[in-house]
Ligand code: NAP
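Next comes just one chain, in structure tokens: the form predicted alone.
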């Protein structure tokens, strides 16, 4: 049945008033109505059924351009559209084949919003490059994306697929599966890490991708890692390009623009870096405790008041001739200075089974993938702040977690260690993972005690790894930037590297790897860059010509 406006008004809304006002303006400007059909059945996922009703009702209250139809799985339209899962949301099914299995809450609310807007416009908003690739798709693609409400990366991948389904509805269908509401489907596809993307039941991507890479993966039916534009991208000229959208890069952008520098931020992945997937940040100045994603949202909102952010673009090369030219997956940047705030990547154990079972029980993000392991046996490998924090998070959401640490003491801060021990989370000291076993997903781990020299095998459902990070210095190496013995960027007190015009900040420099430290380094680097561009130090270093 179609829910009346009176019924909706009485239901109340979970959307904050200030956000309601903004969404109402956006929805009322849509040229087309977007019908949303929610199919549920009592007794099947009732918690998610209720949540889906409340969320979609809240959207429908914001204007006449969003219609909410609430139906049961016994309805004839369920048979027509082949709906058999409760809850399932269909988006404008007469024009597109896009459905969501679950309740679009948390991070997935962003997916719901973008879907409504794009379908209301009846436009995909794909780039010209993506549309050119999509033209080559001439056979059906049944896309299935596994996501989670706690995954900040998932909306990016889901929206990529939604755009494709809108651009080519005759060939591309999309099913977004919430793994928390549908764990049996996640098990069926061994999708134990999100986001994961399948097309025609073939895995084509693990993790979020830039738009063009997603479309290319969809066309090639296998995961693509490099996209080279067919034609030269747009040229952007400015004073400073910051590579990396973590705390250091975003803070540097704010300070640089306030100093008068025309600045751009280029980020290939999710804004916020490691902070975006940190369950809880403690003692960031002004906050006793704050969620990592919440802190990132504040940083990004602040930065966007000053700077243009190019998200989903990977810097593929930097040419140092005649200034600095950055070549990304979409365009070229001609700039006077570059700040490398590229951060660090997760370290891997390097043991048999780790790579093969990545995304099938082996994971590096408890925030993204932890909810799938509620009630299951998992180990957290590591002994630093990240490992202990994430072990506590897994314990609190109901996972049966054991910490595996190769030493006899933690490197984590004392108060975190006390929390862990008071929670009675088991710890296997002096223990190393030697192998991760399983055919389609993690089944066992082989553990070695480096004191007793004994080996044992434990049945296990998941392996979470937090053993530190490796600096992301690929671009630095291309520029011949000097590195420290530990592999981090070597710089002076002004964050200058050995290459004139190239600077660094944040975790890529090494040091304490704290958010507050990265923020301070970003501010320092931006002010150094401003002073150097006003009075270039490298001109003073040139030898005088003989007369």
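Residue numbers count along the first chain shown, from 1. Bear in mind that the values here come from a model prediction, so they are computed numbers and not experimental data.
Missing here is the form predicted in complex with the named molecule; even so, the following discussion is about that form.
- Considering the named molecule in the predicted bound form, find the one stretch among 475-483, 53-61, 505-513, 31-39 with heavy atoms no farther than 4.5 Å from it. Contact-bearing stretch, as computed: 505-513.
- Name the single residue among 171, 236, 467, 397 that comes within 4.5 Å of the named molecule in the predicted bound form, judging by heavy atoms. If I apply the 4.5 Å criterion carefully, the residue I get is 467.
- Query: Using a 4.5 Å cut on heavy atoms, which of 272, 312, 383, 207 is close to the named molecule in the predicted bound form?
  - Reply: Checked against the cut-off, the match is 383.
- Any non-hydrogen atom of residue 363 within 4.5 angstroms of the named molecule in the predicted bound form: Residue-level check for residue 363: no, no contact with the named molecule.
- Spell out, yes or no, whether the shortest heavy atom distance between residue 389 and the named molecule in the predicted bound form is within 4.5 Å. The answer is yes: residue 389 has a heavy atom within 4.5 Å of the named molecule.
- Any non-hydrogen atom of residue 347 within 4.5 angstroms of the named molecule in the predicted bound form: Looking in the predicted bound form, residue contacts with the named molecule include residue 347, since a heavy atom lies within 4.5 Å.
- Message: I'd like to know whether residue 132 contacts the named molecule in the predicted bound form, with contact meaning heavy atoms within 4.5 angstroms.
- Response: Close contact is absent here: in the predicted bound form, residue 132 is far from the named molecule, nothing within 4.5 Å, heavy atoms only.
- Item | Within 4.5 Å of the named molecule in the predicted bound form: residues from 399-432 (heavy atom criterion) | 405, 406, 407, 411, 413, 416, in sequence order.
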